[in-house]
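For reference, the chain that follows is the form predicted on its own, supplied as structure tokens.
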């Protein structure tokens, strides 16, 4: 089985974040492998260790993204593809889907695994758009995967609105993975050393027949600015006899909060 995992480099969510004049300021040196991507890598490794095969990772981003690629290789992926973009390039979900579709249209795979969303924007749209562009079977929010290579299918356990669902997909297919799926392994020293020798194929947008200016011109969403969350009003504390408190609380809910 061949798994191809789309991974993303994101700012460390534990790093300090400031908003100044509508712009987001983050620690540029604290960039990490997205948690949803890490779960997709881990699940792909588990299945190939069980059934045989290999895992490649694919990342779209600037030169610095190679640090995150090496993390996935250290976890156990055999190879990687870095689709290089300018340092200051800004794309929306559709742009990323178009870039990945241009790569995959001439590339063989059994399963494309994608994080169900990313920790920076939480948009959660790229996987579905990629499936539409490639016209592939698709399942979202997977919390478990099982493969049946002999039947050329994969079983997806996904979290639905009212419970868990089991979906059977023929391969090739695309699955978006939840970070509730597993606990991604921590790379060993041996894995880190081995990652330095694993192949990373670098491609540019022009190699894929794409143009950065055209991608940005076709973007459907644009970030206009950032705002801090409004301050939450302090709660109210009532004291006294339980019988009296019920009447006080009901009055507050009806006349002040207007929720009853």
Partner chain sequence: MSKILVYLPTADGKIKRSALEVLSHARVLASKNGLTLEALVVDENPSVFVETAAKYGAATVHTVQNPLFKQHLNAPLIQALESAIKTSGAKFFATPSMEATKDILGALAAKLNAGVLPDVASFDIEGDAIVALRPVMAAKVLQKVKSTGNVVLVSVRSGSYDASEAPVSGSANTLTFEPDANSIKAFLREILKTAGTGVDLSEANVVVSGGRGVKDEDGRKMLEDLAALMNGAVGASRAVTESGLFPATAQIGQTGKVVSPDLYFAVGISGAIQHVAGMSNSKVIVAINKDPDAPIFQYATYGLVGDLYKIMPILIEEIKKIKAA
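Nothing here was measured: the structure is a model prediction, and the numbers come from that model. C-alpha atoms forming the largest set that superposes within 1.5 Å between two forms make up the rigid core. Numbering follows the first chain given and starts at 1.
One more form of this protein should be noted, the form predicted in complex with its partner chain, which is absent from this view; the next part is about it.
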Item checked: Contact check for 150, 204 and 208 against its partner chain in the predicted bound form, heavy atom at 4.5 Å -> no
Next item on the list: Name the stretch, out of 63-71, 219-227, 43-51, 194-202, where some heavy atom lies within 4.5 Å of its partner chain in the predicted bound form.
Entry: 219-227
Next item on the list: Go through 83, 75, 125, 102 and name the one with a heavy atom inside 4.5 Å of its partner chain in the predicted bound form.
Entry: 125
Item checked: Contact test in the predicted bound form: residue 89 vs its partner chain, heavy atoms, 4.5 Å -> no
Check: Is the gap between residue 21 and its partner chain in the predicted bound form 4.5 Å or less for some heavy atom pair?
Finding: no
Notebook entry, point to check: With a 4.5 Å heavy atom cut-off, would you call residue 185 a contact of its partner chain in the predicted bound form?
Noted result: no
Checklist line | 4.5 Å heavy atom contact, residue 189 and its partner chain in the predicted bound form | finding: no
Next item on the list: Enumerate the residues of 228-260 that have a non-hydrogen atom within 4.5 Å of its partner chain in the predicted bound form, in sequence order, or give none.
Entry: 228, 229, 230, 232, 235, 236, 237, 238, 239, 240, 242, 243, 245, 246, 249, 250, 252, 253, 254, 256, 257, 259, 260
Check: Quick one: once the rigid core is lined up, does residue 236 have its C-alpha move by 2 Å or more between this form and the one not shown?
Finding: yes
